[in-house]
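A single chain comes next, written as structure tokens; it is the form predicted alone.
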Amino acid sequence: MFGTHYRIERKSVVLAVAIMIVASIGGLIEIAPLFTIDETVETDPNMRVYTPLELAGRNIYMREGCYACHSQMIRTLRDEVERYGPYSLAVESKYDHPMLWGSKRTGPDLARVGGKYSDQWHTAHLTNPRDVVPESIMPRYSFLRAAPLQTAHLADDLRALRRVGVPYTDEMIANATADAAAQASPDDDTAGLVKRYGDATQVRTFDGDKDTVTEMDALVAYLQILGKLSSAAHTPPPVQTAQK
């Protein structure tokens, strides 16, 4: 075997052809599945988009490097499904730019953390993780509670995402700043927010402080929606009937 390899290495043309053949095989294995992507990737016509507040929380999640320790993709392995819930589907990341699947889990997977814990738990955990999980090695993010959320740029964020396929409307973009504040201020008029993003929109003071919309509000709002943008993973597949 090695003798054949050595002979090929001594002939540059033969070596170049061999490299191209091997590279072509690898490329074909990666490219071929794309031709059937419409048949293999799920669809969900009822999938919702991130609200401006949730999107701001996602930006904070990326800014603080949370994705380096937490994945957002449950594999099809039995132990993962039993621990975290139904395995992740491609459609659930349809509006994620960039996707945050991850591959390293210093902490648990967060793909279905939405609704698993209360807002108070998340706020306490982010403020000082050891208060709720004594063995945690996660750093503190207490400063988020004192940082007012900057919302002036959110319309631009929505506009940029629309250019890559996220179906934000002109009305959503025009009201992005107001909607971010309204979602964390239940005493304000939230009818417009709910009309634009649906009745399932979570409206409350996520960090417990009614006076200021903070970065903690945004991050908790984002965590509480993970796994809830689409119900595809919780919907049983259609039953295939035998054709006569």
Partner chain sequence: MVSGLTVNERQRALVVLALLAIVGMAMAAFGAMRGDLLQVHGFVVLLFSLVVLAPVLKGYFAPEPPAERLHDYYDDPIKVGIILSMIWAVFGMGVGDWVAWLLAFPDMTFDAAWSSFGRLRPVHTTGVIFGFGGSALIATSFHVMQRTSRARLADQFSPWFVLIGYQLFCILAVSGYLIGITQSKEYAEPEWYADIWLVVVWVVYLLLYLRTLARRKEPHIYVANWYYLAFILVVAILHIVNNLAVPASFAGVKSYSAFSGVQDAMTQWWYGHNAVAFFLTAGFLGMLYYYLPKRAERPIYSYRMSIVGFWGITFFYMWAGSHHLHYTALPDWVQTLGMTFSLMLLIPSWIAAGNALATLNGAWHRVRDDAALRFMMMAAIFYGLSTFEGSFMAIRPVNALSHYTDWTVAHVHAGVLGWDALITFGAFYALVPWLWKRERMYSPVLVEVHFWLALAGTLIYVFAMWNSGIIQGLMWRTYNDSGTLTYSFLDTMIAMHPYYIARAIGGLLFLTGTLIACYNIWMTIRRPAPRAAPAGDTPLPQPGAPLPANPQPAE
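What we label the rigid core is the largest C-alpha set whose atoms superpose within 1.5 Å from one form to the other. Residue numbers count along the first chain shown, from 1. The shown structure was predicted, so the numbers you read here are calculated from the model rather than taken from an experiment.
Not pictured, yet referred to below: the form predicted together with the partner chain.
- Within 4.5 Å of some heavy atom of the partner chain in the predicted complex lies at least one heavy atom of residue 139.
- Although the partner is absent here, residue 11 sits close enough that one of its heavy atoms falls within 4.5 Å of the partner chain in the predicted complex.
- A residue is said to contact a partner when one of its heavy atoms sits within 4.5 Å of a partner heavy atom; residue 55 meets this definition for the partner chain in the predicted complex.
- Put simply, residue 64 is close to the partner chain in the predicted complex: some heavy atom of it is within 4.5 Å.
- Of the candidates 173, 147, 124, 161, 161 is the one whose heavy atoms come within 4.5 Å of the partner chain in the predicted complex; the others do not.
- Contact with the partner chain in the predicted complex holds for all three of 76, 83 and 89, each having a heavy atom within 4.5 Å.
- In the predicted complex, the partner chain lies within 4.5 angstroms of at least one heavy atom of each of the following residues of 26-43: 26, 27, 29, 30, 31, 33, 34, 35, 37, 40, 41, in sequence order.
- Superposition of the core reveals a Cα shift of 2 Å or more for residue 40 between the shown form and the other one.
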